[in-house]
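To begin, one chain is listed below as structure tokens, in the form predicted alone.
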């Protein structure tokens, strides 16, 4: 097994080859999932955390009547459930959106890793803060923007994250997220999502390509979604230095 070439942690702290080797050494085994499989359930007490090696995952809250509300997407290089091992109980579910492969790090190994590798601990801390910023942006997106703006904004967010992970080529990337998934994330109907996608396509902003998505006009899509990437803390954007080393 090898780690992804670009870990999300490395957006927040420079990891040495020894840090990456220690992270790899904490992995006990890998796990493969089919699409639409729950990895962890709400209220569960997890015994490990998971690093996405292949595919895409989502986090969601279970609602009455078997409904769900997606509250986050995870791509290759992301840890998809760090809060569970730390807090002791999951407050949401984690599921696969596509065929996925994950590296499993048992909780004791995770805590040893954080004690022994300060840069990894620092990166985890910053990643947690960045995740909170994304959650706030999602609240603003769903609560304050039109359906057209919501979808455009989310496509910009995911596109920029996928680019930063080195998973895009010429603006195109794998896109296993279905219209129903977007509807569950953006508090819309799947019919409404389809209509918005058709409008974005007609305007020459995006193009669907059989399980892939291509951004044709980044400035236009960002304007449509009122998108600014600062809250993602990607490389090349301004990130405040910590008050303590």
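Numbering follows the first chain given and starts at 1. Source: prediction; values computed, not measured.
Another form, the form predicted in complex with the DNA, is not on view; read the next lines as being about it.
Using a 4.5 Å cutoff between non-hydrogen atoms, residue 192 counts as a contact of the DNA in the predicted complex. For the chain shown alone, residue 62 is not a contact residue for the DNA in the predicted complex, no non-hydrogen atom being within 4.5 angstroms. Within this chain, residue 146 lines the site of the DNA in the predicted complex, having a heavy atom no more than 4.5 Å away. At least one heavy atom of residue 180 is located within 4.5 Å of the DNA in the predicted complex. Checked against the DNA in the predicted complex, the residues 40, 27, 188, 53 give one hit for a heavy atom within 4.5 Å, which is 188. The candidate stretches are 156-164, 71-79, 120-128, 171-179, and the one lying within 4.5 Å of the DNA in the predicted complex by heavy atoms is 171-179.
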